[in-house]
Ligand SMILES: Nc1nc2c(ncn2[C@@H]2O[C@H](COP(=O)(O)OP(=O)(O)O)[C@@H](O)[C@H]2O)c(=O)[nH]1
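The chain that follows stands alone, in the form predicted on its own, written as structure tokens.
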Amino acid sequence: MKLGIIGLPSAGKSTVFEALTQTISMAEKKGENRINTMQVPDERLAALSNMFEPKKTIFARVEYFLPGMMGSLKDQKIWTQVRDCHALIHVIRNFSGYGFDEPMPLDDFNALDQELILADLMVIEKRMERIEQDRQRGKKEYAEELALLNQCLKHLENEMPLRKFPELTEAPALKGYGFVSAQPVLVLFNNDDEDDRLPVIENLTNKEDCMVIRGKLEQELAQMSAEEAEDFLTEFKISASATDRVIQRSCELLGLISFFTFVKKEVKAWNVKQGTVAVDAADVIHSDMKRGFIRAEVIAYNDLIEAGSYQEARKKGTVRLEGKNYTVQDGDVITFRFNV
């Protein structure tokens, strides 16, 4: 899972990036792309590790990406860099301070959203020009793609981001476009230190997936020792770190669930889209597993914990065999049987 952090200048993108990734600002790298990988917290994986005692416990990962040059939003290179992200975190300034005007979250959101729309418009218009040139040379195999592009164009010209039309942008003929306005967006209000409230803004908080971060406060928290952080969390009534909260919301935004695998040396968590069938979950691990898929040996996490061991779960009959079209459930512990 890769999340791109975007926002207008002075929104606090670097501060948020450092809060989420628990990194320290490096002045000499200002303006450069920054990327950091974090574990997806999951208490269930820790419990499975205690049960199986593997040599390795491997959490699912989330990658945060901060484009270095977001001052010039008209530069298409910025949007090219985030086209391969699974979702975008749109940081919006919702704090005051010396040298700052009063925050205007809705205006800021709309301003950047329009840049996403414009970036996709430019991609579509260039592609349609190439298609027309090819058609003039006698090529006629673009009918479906052109029809879909015209639908996208209509929505964009009406100032509607393509994320509102997932059934359109997920069409196979549009695979590879990486429309930035089609990516799911988590709106992250960057609040003052003392303000943990989500603002109520018509046409924003009622239409988009929104949450709050006190960026500067949580940046400081991310750089503290565990002992220091405990008092800090209590004083400012923070129940979980920004990293944990944002990862959880990002998984929800993307419709991700977790399943687990175990072998003698390794217990591992995997993220897949809700609704993924067993054979496709096997493919996430290795293409050979999908190609040679036979059966999936499945047990629900709660059933395994209740049994106390895999052997006991077998005796109780809660371990079952499922076929390739079984829909994987959140918390499933799966052993894939395959032969290639």
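Quick note: we count residues from 1 along the sequence shown, nothing fancier. This one's a predicted model, so the numbers in the text were calculated from it and none came from an experiment.
One more form of this protein exists, namely the form predicted together with this ligand; it is left out here, but the text below deals with it.
Although the partner is absent here, R214 is a contact residue: one of its heavy atoms lies within 4.5 angstroms of this ligand in the predicted complex. In the predicted complex, D192 approaches this ligand with a heavy atom inside 4.5 Å. Mapping the unseen interface onto this chain, G331 falls outside it, with no heavy atom inside 4.5 Å of this ligand in the predicted complex.
This ligand in the predicted complex is approached by A11, whose closest heavy atom lies within 4.5 angstroms of it. Of the stretches 261-269, 134-142, 93-101, 202-210, only 93-101 has residues with a heavy atom within 4.5 Å of this ligand in the predicted complex.
Along 223-237, not one residue places a heavy atom within 4.5 Å of this ligand in the predicted complex.
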